[in-house]
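Next up is one chain by itself, shown in structure tokens, the form predicted alone.
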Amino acid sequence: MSFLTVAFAALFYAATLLLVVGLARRIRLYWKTPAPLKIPTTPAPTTTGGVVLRMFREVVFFESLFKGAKWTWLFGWIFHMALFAVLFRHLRYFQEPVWGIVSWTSPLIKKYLAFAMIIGLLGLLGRRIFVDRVRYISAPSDYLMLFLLLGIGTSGALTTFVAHTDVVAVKSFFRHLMTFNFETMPNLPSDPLMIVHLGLVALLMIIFPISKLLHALGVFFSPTRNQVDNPREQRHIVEWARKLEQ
């Protein structure tokens, strides 16, 4: 194996370990963080089924963002839906045979999703640069995340439209990584754009658990979204407070 192949194999094993452990620790922290008060954003559903429906609208349609800022919603929704579709399409690099639904959707969406992702990111970046009140509260890490995602999307698009790479070799590389089969592992293509793309993806995996991008996971643990609005029907008390009363 080439040095590049060994280096990227080690990099992706480390990135995957940090991503899984980091997310597990964050989920545990969110799960154990008490919510001592009833603070659902009103008007809020009064039943569990209503909360599930509200979370669905929030995750899929970004309902609260739509009500708050239409342009931010537009660019944010375009980016997130394109990113989800790109990730779904990339499943084919880890499957053999490829699932039917992945094979079916690939011809329809395989080329232009990266452009939708980039357009959404540019809109969100423009918002941070040109909107005064957003620029005032923006930290360097906010710009870093946007540029990192732009780098991933742009390098991925360039490997499709400018400098084609050996996707069969790339898929075989990751398939061998998944099965820890190092004896027959092929060399990773050394195309600069592909190396940049994979390097940025690994960097994103490493910093994801400690970045603001965790809002993708945190929304499910937000008490303003996941609580039932029933304080008049049922007393809300957390476990640590219940123990103090005993």
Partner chain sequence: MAKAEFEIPELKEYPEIPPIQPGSMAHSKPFVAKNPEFMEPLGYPAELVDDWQEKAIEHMGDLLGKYRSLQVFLDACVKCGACTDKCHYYLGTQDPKNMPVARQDLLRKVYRRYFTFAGKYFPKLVGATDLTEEVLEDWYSYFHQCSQCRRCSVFCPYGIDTAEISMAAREIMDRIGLGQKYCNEIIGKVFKVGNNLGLPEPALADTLEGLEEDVLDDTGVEVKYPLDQKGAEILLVTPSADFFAEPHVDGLIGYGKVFHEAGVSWTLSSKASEAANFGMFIGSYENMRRISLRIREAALELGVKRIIFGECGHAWRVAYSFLNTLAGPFDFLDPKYPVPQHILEFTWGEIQKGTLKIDKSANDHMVVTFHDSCNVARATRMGDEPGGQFTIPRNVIKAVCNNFVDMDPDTIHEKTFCCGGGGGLLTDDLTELRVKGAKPRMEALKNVIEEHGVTNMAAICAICKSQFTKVLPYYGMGMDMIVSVHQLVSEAIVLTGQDTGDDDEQEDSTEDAA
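Please read these numbers as outputs of a predicted model, since none were measured by experiment. Positions refer to the first chain, counted from 1.
Heads up, the form predicted together with its partner chain isn't pictured, but that's what we're talking about next.
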Practice task
Would you please decide whether residue 160 lies within 4.5 angstroms of its partner chain in the predicted complex, comparing each non-hydrogen atom pair?
Solution key: no
Handout entry: in the predicted complex, residue 101 touching its partner chain (heavy atom, 4.5 Å)
Key = no
Exercise for the section: Indicate whether residue 166 is a 4.5 Å heavy atom neighbour of its partner chain in the predicted complex. Expected result: no
Practice task
Answer with yes or no whether residue 16 is in contact with its partner chain in the predicted complex, where contact means some heavy atom within 4.5 Å.
Solution key: no
Handout entry: Interface segment, criterion being heavy atoms within 4.5 Å of its partner chain in the predicted complex, picked from 81-89, 124-132, 166-174, 152-160
Key = 124-132
Practice task
Could you work out which of 178, 60, 52, 29 is the residue within 4.5 angstroms of its partner chain in the predicted complex, going by heavy atoms?
Solution key: 29
Problem - Stretch 27-50 - residues with a heavy atom within 4.5 Å of its partner chain in the predicted complex - result: 29, 30, 31, 33, 34, 35, 36, 37, 38, 39, 40, 41, 42, 43, 44, 46
